[in-house]
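One chain follows as structure tokens, the form predicted on its own.
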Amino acid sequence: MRRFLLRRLAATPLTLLAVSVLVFTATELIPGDVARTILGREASDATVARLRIQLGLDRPVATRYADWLEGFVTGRWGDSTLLRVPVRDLVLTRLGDSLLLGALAFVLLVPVALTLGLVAGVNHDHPVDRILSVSGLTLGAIPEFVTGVILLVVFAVKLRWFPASAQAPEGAALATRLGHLLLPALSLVLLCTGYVARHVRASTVAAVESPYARATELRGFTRGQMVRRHVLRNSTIPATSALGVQLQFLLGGLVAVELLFNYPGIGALLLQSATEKDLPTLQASAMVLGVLYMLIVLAADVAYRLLDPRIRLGAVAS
């Protein structure tokens, strides 16, 4: 395990360097003139040229990349050309808001997906299994934007059980903020549940039909005891990998959900900065999401190795 962590941590700088190159290149390829976007169409060419010099856009690309990477590593992220505020404070604040939404969705996703997968697996080839499997596939095929619209219309507009906006009043308590975030979190959960539940179902079926499980029943253990002692642990291991994949997917789903529910998270900030050619904010937001993506992958791999003794033994033996 220690060797695994050391190898992954040693590869982190190179991976981040590759991510930084991709982020900077992608932002450079965005069509349009940043200086012209800031000043507007009515600005003269001379004024636009002066602003390009002030922003450093007249320098070579390699020089700008080196200065930007040094600034990002040292915490000097510059100022937003659109909102006129420090980029670092803006991005980290929005990231915190998005992490709250993602954490709520994940907390709801884990017990729901595990329970549905276990129930379907234990009752495989029965009507309840077919109903849950078809429902999961159907929900997984519907984009989170469509699911969110349905939830808004039904529970916010028609029934008025929840607020239509995910943005709580300033200074609101945590419980109030979570209440505003419930609908957008559910739209993400409904999309991800089917994928995780299918993995749990497949591993549950394999565990239930294993010789060990049949032997426990012959020894007099009830089906419930067999599920708790053998099936539950073996079904959780593949679910860890599936949950890691869905956590990565949640990062992408945040953009549509935050826009739909008017939530000021990093997904909405990323889209706004790309639309308005706010390069300092766009580059910092994309880079932060890249780092977060790497941390999620690493955490999922570590959890998988901790849950599966065979992988841990293999790591030690290597």
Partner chain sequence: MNAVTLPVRHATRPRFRVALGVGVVIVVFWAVVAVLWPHLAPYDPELQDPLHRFVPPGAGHLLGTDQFGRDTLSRMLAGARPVLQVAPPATALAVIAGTLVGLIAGTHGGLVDEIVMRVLDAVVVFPAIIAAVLLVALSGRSVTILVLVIAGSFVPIVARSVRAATLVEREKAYVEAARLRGEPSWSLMLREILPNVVTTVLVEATSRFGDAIFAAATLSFLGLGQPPGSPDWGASVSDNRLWLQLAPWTVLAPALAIASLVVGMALVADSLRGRWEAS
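Nothing here was measured: the structure is a model prediction, and the numbers come from that model. Positions refer to the first chain, counted from 1.
Note that the form predicted in complex with its partner chain isn't included here; everything after this is about it.
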Proximity of Leu191 to its partner chain in the model of the complex, heavy atoms at 4.5 Å | yes
Leu14 near its partner chain in the model of the complex, any heavy atom under 4.5 Å?
-> yes
Any non-hydrogen atom of Pro264 within 4.5 angstroms of its partner chain in the model of the complex = no
Partner proximity in the model of the complex: Phe145 to its partner chain, non-hydrogen atom cutoff 4.5 Å = yes
Name the stretch: of 22 to 30, 66 to 74, 51 to 59, 38 to 46, exactly one has residues whose heavy atoms fall within 4.5 Å of its partner chain in the model of the complex.
-> 22 to 30
Contact residue in the model of the complex, chosen from Arg94, Arg198, Arg88, Arg177 - any heavy atom within 4.5 Å of its partner chain = Arg198
Heavy atom within 4.5 Å of its partner chain in the model of the complex: which of Ala202, Leu152, Leu116, Leu182?
-> Leu152
Is it true that Ala286, Leu289 and Val297 each have at least one non-hydrogen atom within 4.5 Å of its partner chain in the model of the complex?
-> yes
Neighbours of its partner chain in the model of the complex among 248 to 267 [non-hydrogen atom within 4.5 angstroms] | Gly252, Val255, Ala256, Leu259, Leu260, Asn262
